[in-house]
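Just one chain is shown here, as structure tokens, and it is the form predicted on its own.
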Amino acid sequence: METFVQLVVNGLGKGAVFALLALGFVVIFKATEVVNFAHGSLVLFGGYLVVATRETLGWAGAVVVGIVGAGLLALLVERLLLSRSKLADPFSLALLTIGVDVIITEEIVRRLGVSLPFIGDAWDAQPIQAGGVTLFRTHLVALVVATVLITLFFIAFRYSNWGIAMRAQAENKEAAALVGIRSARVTATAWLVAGLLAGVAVLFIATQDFSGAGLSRGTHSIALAAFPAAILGGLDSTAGAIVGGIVVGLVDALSTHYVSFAFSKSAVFLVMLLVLVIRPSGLFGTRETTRV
């Protein structure tokens, strides 16, 4: 029983990180109808900035630089590339993000070389014993941080001018423009928010507790596991992103222990496919993913 409790708690911690990343996918999709396949490179970029500035600024200062840097890179990609391709359809823009992802990822991997630095200095490899259950501090901190950030996001999404504009644009972009909503500003902010969330997520991914490996190409692959979380919950549903992330985290943790590490990577996609067979729009989505 202790083992199961440990797996569930640690799975929730992993799921919280996937939820942050899935929320980034969904926010961009709601604002632009574009699937951002460069999300993994935003995660890597934020982590690389932490590594590059940690000795100079200290860990806390480097974390701020990494989070802000990931957000600004996302904003830069949107402003310099996507916003200048207004006549392109969402599928073409999604392909463009793949190109951006390859360029950024390969450059960061080249700069890292053979080093695989861990960046969760404040919480990594510091397990907590509670009633015979071993809990990873990284997962617990991730759960708390994600809960706070997600709560703040939903408050802003529900009550701020940006959130109201985002929801209006997602419902009907043309009608939103007619009532004075500036689509460019809504879109730019969505990319910025997604980048900031990616910058936070990497602080937990590139740790011994979460992945067992430091910042590397593997970090990028783990970040992309949030894509099935977004699909599972529904690409146009912010609430679905949270549920999808938690489901992916629990499936990953439980299948790794009870089956195998290799199977756990397939299990996430098997669950996603099962959900899509039953409900093509995802658990909370309103648009069929197969038509996106």
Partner chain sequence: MSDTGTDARATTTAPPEPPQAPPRPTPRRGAQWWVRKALWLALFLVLLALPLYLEAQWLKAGQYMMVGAVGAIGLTLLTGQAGQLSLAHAFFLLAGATSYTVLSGPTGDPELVGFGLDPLLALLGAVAITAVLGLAFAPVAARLRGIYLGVASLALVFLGLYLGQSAESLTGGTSTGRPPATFELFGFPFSNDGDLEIAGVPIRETERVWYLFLALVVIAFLLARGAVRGRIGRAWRAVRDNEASAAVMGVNVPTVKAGVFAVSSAYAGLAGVMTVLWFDILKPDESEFGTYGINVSIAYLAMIIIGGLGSVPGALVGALLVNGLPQVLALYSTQLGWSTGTGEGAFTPILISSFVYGAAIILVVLFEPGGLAAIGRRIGQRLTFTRRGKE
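Positions refer to the first chain, counted from 1. In this text, all values refer to a predicted model and were calculated from it rather than measured experimentally.
Separately, the form predicted together with its partner chain exists; it is not shown, and the next lines address it.
Engineer: Contact check in the predicted complex: 1, 158 and 248 versus its partner chain, with a cutoff of 4.5 Å between any heavy atoms. Do all three pass?
Structural biologist: Checked in the predicted complex: no contact with its partner chain for any of the three.
Engineer: Does residue 171 reach its partner chain in the predicted complex, with heavy atoms at most 4.5 Å apart?
Structural biologist: No, residue 171 sits far enough from its partner chain in the predicted complex that none of its heavy atoms falls within 4.5 Å.
Engineer: Give a yes or no for residue 59: in the predicted complex, does one of its heavy atoms lie within 4.5 Å of a heavy atom belonging to its partner chain?
Structural biologist: No, residue 59 sits far enough from its partner chain in the predicted complex that none of its heavy atoms falls within 4.5 Å.
Engineer: Even though its partner chain is not shown here, does residue 35 get within 4.5 Å of it in the predicted complex, heavy atoms only?
Structural biologist: Although its partner chain is absent here, residue 35 would touch it in the predicted complex, with heavy atoms inside 4.5 Å.
Engineer: Consider residue 47 of the chain shown here, and say whether it contacts its partner chain in the predicted complex, taking contact as heavy atoms within 4.5 Å.
Structural biologist: Because no heavy atom of residue 47 falls inside 4.5 Å of its partner chain in the predicted complex, the answer is no.
Engineer: Tell me the stretch among 60 to 68, 229 to 237, 250 to 258, 47 to 55 that has any heavy atom within 4.5 angstroms of its partner chain in the predicted complex.
Structural biologist: That would be stretch 229 to 237.
Engineer: Sort through 134, 221, 126, 147 and report the residue having a heavy atom within 4.5 Å of its partner chain in the predicted complex.
Structural biologist: It is 221.
Engineer: Please tell me which of 164, 181, 72, 100 lies within 4.5 Å of its partner chain in the predicted complex, judged by heavy atoms.
Structural biologist: Filtering the options by heavy-atom distance leaves 100.
Engineer: Relative to its partner chain in the predicted complex, which residues of 108 to 122 have a heavy atom no more than 4.5 Å away?
Structural biologist: The stretch touches the partner through 110, 112, 113, 114.
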